[in-house]
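Okay, here we've got a single chain as structure tokens, the form predicted alone, with questions on binding and movement later.
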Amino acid sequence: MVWRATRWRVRSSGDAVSDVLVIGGGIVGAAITERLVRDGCTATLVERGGIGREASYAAGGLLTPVHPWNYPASMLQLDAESLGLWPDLVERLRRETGVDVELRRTGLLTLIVTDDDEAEADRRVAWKRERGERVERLSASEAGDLEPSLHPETRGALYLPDLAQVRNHRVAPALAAAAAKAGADVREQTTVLGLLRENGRVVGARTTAGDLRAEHVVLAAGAWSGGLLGDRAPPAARTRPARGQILLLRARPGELQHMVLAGDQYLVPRADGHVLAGSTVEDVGFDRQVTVSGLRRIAASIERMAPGLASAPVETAWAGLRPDTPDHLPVLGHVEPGLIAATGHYRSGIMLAPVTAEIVRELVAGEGRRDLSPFDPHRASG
């Protein structure tokens, strides 16, 4: 499916040429394309399936790292910059496409349910306050007063009132629509078969729609990125899939008012009353099946966090494949001449899409004004 043709330059061979070819139509690839065309580039975006239907669809939409105190400083800097870009992005999408991606500051309750949580709570409060971020340590009764749906045996919670969420499944299609409106060529159902190289430089890609050439190629194909690089992939860029299963519950609007996190499990309330419950992290290869064992784990976590939701109807369940890397950090930078990687975001793709788009714009423009060494495709990686 072709959304809209861009301004093509045509070589004598008849191959289409644009400034940038972006491979991968998830939230990261769509954000990159939208940012580049706003900067005056001609851009082509190719997606093997539908825009935003892979990992970007199977996410909770939390605009925060799950456990930020465990992140390296380099990731926290990216997170902070990206969070600051989200409000303008949301307004631009509403203005350009009419799509409301529902940026909502619902706050997050990180539950204290184990002895380890108790031991860590004060350190985590101090960590947040050192950074000037609002946080409160709530007793069990205070947490219950703030969020009556919580399990009565919850020991307490850390309350982070400023944390926000988006309806993640709306974002990538809206970004692609905005990019197309600005002149990008957005192609769904177009599989990349391999990269084109000439004189030691990547100059495009072979696809099921023919050869597409560009001055710069951006690899943003999520878990499939490493496979497209093949034997040329540096160790840090050998992405692999990490399956995440998720449930969508149909609850009453306001039944759950805050995002809730316990360990790696979360509940995310939407404005219309739906609640996302997730998620698993599974090393099962390229398998997107929903399993009984995965749903059982999620259902058990719902009962531990907010038992009243255990009786809510299940509207649907699905799974996505997060793009993981050996050190769980993104891959951002030049892989080889003509080829830029913007992949491997693991559990942070929604959060980091806006700043990743800015980074790729800088790389395409040759500005090189930031230190990307922690995310370099050729970094040492465990």
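The structure displayed is predicted, hence computed values, not measured ones. Position 1 is the first residue in the sequence shown; the rest follow in order.
Note that the form predicted in complex with a small molecule isn't included here; everything after this is about it.
- The stretch from 349-357, 35-43, 309-317, 330-338 that comes within 4.5 Å of the small molecule in the model of the complex, counting heavy atoms only, is 349-357.
- Contact between W224 and the small molecule in the model of the complex is found at the 4.5 Å heavy atom cutoff.
- Although the partner is absent here, T110 is not a contact residue: none of its heavy atoms lies within 4.5 angstroms of the small molecule in the model of the complex.
- Taking non-hydrogen atoms only, Y266 approaches the small molecule to within 4.5 angstroms in the model of the complex.
- Among heavy atoms of T154, none comes within 4.5 Å of the small molecule in the model of the complex.
- Within 4.5 Å of the small molecule in the model of the complex, a heavy atom is found for not a single one of S18, G183 and V218.
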